[in-house]
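Only one chain is shown below, in structure tokens, and it's the form predicted on its own.
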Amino acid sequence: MQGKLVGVGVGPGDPELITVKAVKMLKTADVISIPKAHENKPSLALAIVKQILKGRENIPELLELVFPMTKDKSELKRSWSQNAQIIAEKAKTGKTIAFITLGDPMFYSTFIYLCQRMKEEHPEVNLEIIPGVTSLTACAAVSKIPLAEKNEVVTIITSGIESDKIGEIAKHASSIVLLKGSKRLKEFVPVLEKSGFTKNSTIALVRRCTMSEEKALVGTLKDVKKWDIDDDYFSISIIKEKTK
């Protein structure tokens, strides 16, 4: 009997934010697949679900898959295909493989690349996706800043985008969400101000949201220059235009 691959979102960090459906899958899957950027680097996603796995009657197989952090497209495609092949071989034996990923599997997740390869190279393998709480919505909850009201437009941007592009995009947004790092936040403030946001626009910077090291700063754009901002990959900024 053919098995299946299930992308499981385990939320932003707090184990209590894992959905009931995700917990059920983690308690029954034959294999727990763990994505890693480096072979010797610990997995945050695994740390989030470890108590659930410890409570199982039968011990699942733990399958670590390395997805290298590189811009070499050929190397990336090779690793995606190799990992997809490993998953497919296990699925052919009838096993259910739960691929755990931070946040949601279809929102800036490593699972997206594996999912694409599975559909293209191993269409016979059944695919299922269990959504998870995203860091985006978790940060809005922590900072108590609504992402959108009425007809407002929310724009999500990664910190790797050029400043001029961010400025052009910001002209059409009511709220900006800046993902993946905070080191360029001070650089972006004048860009946002030129694009229609004001010094009094609300901003929240949340580091390691819902994790034990969580730190949230809430203020206005004019406050950012005084903030002590460290370069943490797990940081999100929400900038919301001042209500007129």
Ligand SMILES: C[S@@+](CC[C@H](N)C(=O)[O-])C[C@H]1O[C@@H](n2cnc3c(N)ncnc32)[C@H](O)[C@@H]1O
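Since the structure is predicted, the reported quantities are computational estimates derived from the model, not experimental observations. Residue numbers run from 1 along the displayed sequence.
Omitted from view is the form predicted together with this ligand, to which the following refers.
Using a 4.5 Å cut-off to this ligand in the predicted complex, not one of Glu193, Trp227 and Ile229 places a heavy atom inside that distance. Residues of just one listed stretch (103 to 111, 70 to 78, 118 to 126, 168 to 176) have heavy atoms within 4.5 Å of this ligand in the predicted complex: 103 to 111.
The closest heavy atom approach of Lys36 to this ligand in the predicted complex falls outside 4.5 Å. The shortest heavy atom separation between Lys180 and this ligand in the predicted complex is within 4.5 Å. Although the partner is absent here, Arg184 is not a contact residue: none of its heavy atoms lies within 4.5 angstroms of this ligand in the predicted complex. In the predicted complex, this ligand lies within 4.5 Å of some heavy atom of Met211. For the partner-free chain shown, Tyr233, Phe234, Ser235, Ile236 of 216 to 239 come within 4.5 angstroms of this ligand in the predicted complex, judged by any non-hydrogen atom.
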